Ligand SMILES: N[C@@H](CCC(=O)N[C@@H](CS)C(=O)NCC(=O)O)C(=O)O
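One chain follows as structure tokens, the form predicted alone.
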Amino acid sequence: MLMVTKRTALPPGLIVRTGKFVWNTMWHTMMSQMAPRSQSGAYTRPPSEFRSRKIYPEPDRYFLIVGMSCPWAHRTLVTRVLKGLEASVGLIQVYPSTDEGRWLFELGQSALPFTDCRSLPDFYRRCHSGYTGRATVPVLWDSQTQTIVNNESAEIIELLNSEFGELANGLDLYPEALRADIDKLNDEIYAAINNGVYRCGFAQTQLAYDQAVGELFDQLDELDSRLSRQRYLCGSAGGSELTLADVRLFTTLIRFDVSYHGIFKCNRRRIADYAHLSGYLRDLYQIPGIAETCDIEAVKRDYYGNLFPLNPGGIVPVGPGWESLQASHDRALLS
């Protein structure tokens, strides 16, 4: 006699609770590796480890190693252009691997430092035997001594500004008379905006996120008001001087609506919604040579495609684009 048994379905609540438990456990494990946190769940960025400031201004001696999606590396690209160092300081590109979780060299580049280095961690260990720390971009590399000079973006842009002598043009992006103002602004903007967007995106508790997102938009509001009165962030004549403070802010602002607004949950407002910040962003983008340092496809692909814990499906949104950055800004009237 054929027996027919009735299949018993698992209770939906059990399935949901089990799935949430497994995913939350995996998510916290992956986030702890990608984004170190404090006890309160706030993201804590590890410090850079190579901090030399010794430069010998010789053509073709130094190279920047950059990832085109990285805002910290983008700072060095913008400064390199503004200082006219494209012909003297070389460029080597890396890209993030979705599966390996590290930067890989783009093969076929004529300036690759070591042909047997496939990844950036390999390169760090080749330059400095026994190195076990983080392998990050940007890197300022000395091809003569085959060592990493510096991997802190804030210091690399200062070196590009001041230490390359006649190889660079005469533009001073960090003038002595403005350094106190520049440093003060940089500290505020770094904490609330440059690193603030990461504090939002990598927050692992609601409390940490709420604090970070509040500080982020408070600072954006303050800068929008400041830029209603002056063209750039600093300057003796109504903010008329382009400085490293503008470079540091620019590389975060240009990624904001494209990536941070979505994947990092920085969605109270867009930069496009700010009357003065949006015009300021267009002004900087239209400086000759700057647009060529900006790669929107890399930004979208790497933020949405490579930050697996934040976007497990890896789906890259179709918009927005950067077409609006070509529009008129009329900010020269503020100078």
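For clarity, every value in this text was computed on a predicted model and none was experimentally measured. Numbers follow the displayed sequence, beginning with 1.
Only in words, not in the display: the form predicted in complex with the named molecule, which the text now covers.
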query	finding
The single option of Asn161, Ser88, Thr136, Gln204 touching the named molecule in the predicted complex, heavy atom within 4.5 Å	Thr136
The single option of Trp72, Phe264, Phe123, Trp141 touching the named molecule in the predicted complex, heavy atom within 4.5 Å	Trp72
Contact test in the predicted complex: Asp172 vs the named molecule, heavy atoms, 4.5 Å	no
Non-hydrogen atom contact Thr79 with the named molecule in the predicted complex at 4.5 angstroms	no
Partner contact for Arg45 in the predicted complex: the named molecule, 4.5 angstroms, heavy atom	yes
Contact flag, Tyr198 vs the named molecule in the predicted complex, heavy atom cut 4.5 Å	yes
Partner-proximal stretch of 64 to 72, 281 to 289, 294 to 302, 265 to 273 relative to the named molecule in the predicted complex, 4.5 angstroms, heavy atom	64 to 72
Within 4.5 Å of the named molecule in the predicted complex: residues from 138 to 157 (heavy atom criterion)	Pro138, Asn151, Glu152, Ser153
